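We begin with a single chain expressed as structure tokens, specifically the form predicted on its own.
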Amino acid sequence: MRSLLFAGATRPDLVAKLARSGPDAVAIDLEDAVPADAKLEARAALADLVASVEGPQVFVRVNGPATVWFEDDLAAAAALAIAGVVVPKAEGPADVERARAALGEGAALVAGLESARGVAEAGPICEAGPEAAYFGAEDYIADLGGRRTAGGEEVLFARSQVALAARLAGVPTLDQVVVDFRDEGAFERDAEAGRAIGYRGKLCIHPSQVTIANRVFGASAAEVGRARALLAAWEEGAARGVAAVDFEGAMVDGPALRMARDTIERAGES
């Protein structure tokens, strides 16, 4: 997923419009976007909300494992024809295992690493086998008692830790939200930073962010063309017995080849 677009379960008007901006997947949110006194009503409306979305994969973000709503949210989601469930605030592999047991093997799990303990346990959580994981900067900093800054240096370690742990477990990662949805420039800069760290996609909270996420975490025709040219140059050199070749004024060897192949993969090509 290059983009995962959220809308609250109490906003059926927004849920019905989720597909219009072209996200790879959408998430109907029972957690942060729904106040406590509306949780049961939102859960009861899930079937109609899911049916109103046409096109992208549909996920349901349940309330966290430590809440009283978790088990019933999972049961409601398991009864629906959806792509999977987003489990926020996972703090150990048991949280992934509980969700998996409730849903069965057919649904994908996206684990949210967004607390101090969740980031510290990123390795075991990812090793538990979710289909994807995301880093939640806002909840992470709130849990630490810190504060968010425009530069984001306060979350660089945790953001990188999640990307590393997920990579070692072979789990694709989704990058943090940008809460100022009106600042598209800030979103693009943040997406580029996440892409540079190794994230495969981004959480989106507004339709205007989707196009940017799809572009940053995908690959343009020009990028794919350059990647293929680089691979061709290396293959020509390898045929001559040369392990590193000159390409556009730079020496090309193993790491450059891996990045070129990654570019092609991001474009959905082979």
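In case it trips you up, residue 1 is the first one in the sequence shown, and so on. If you're wondering where the values come from, they're calculated on a predicted model, not measured in any experiment.
Beyond the structure shown, there is the form predicted in complex with another copy of the chain, which is absent from this document and is the topic of what follows.
- Among the residues 184, 138, 71, 192, the one placing a heavy atom within 4.5 Å of another copy of the chain in the model of the complex is 192.
- With the partner omitted here, the residue from 156, 75, 179, 94 that has a non-hydrogen atom within 4.5 angstroms of another copy of the chain in the model of the complex is 156.
- Relative to another copy of the chain in the model of the complex, residues 4, 43 and 85 are all farther than 4.5 Å at every heavy atom.
- Listed stretches are 145 to 153, 128 to 136, 75 to 83, 103 to 111; the contact stretch with another copy of the chain in the model of the complex is 145 to 153, by a heavy atom cutoff of 4.5 Å.
- Although the partner is absent here, residue 123 lies well away from another copy of the chain in the model of the complex, with no heavy atom inside 4.5 Å.
- Contact annotation: residue 67 falls within 4.5 Å of another copy of the chain in the model of the complex, judged by heavy atom distances.
- Although the partner is absent here, residue 98 lies well away from another copy of the chain in the model of the complex, with no heavy atom inside 4.5 Å.
- Residues 192, 195, 196, 197, 198, 200 of 181 to 212 are found to place at least one heavy atom within 4.5 Å of another copy of the chain in the model of the complex.
- Note: the CA-CA distance for residue 222 and residue 183 expands in the model of the complex relative to this form, by 3 angstroms or more.
- Compared with the form shown here, the C-alpha atoms of residue 222 and residue 198 sit at least 3 Å closer together in the model of the complex.
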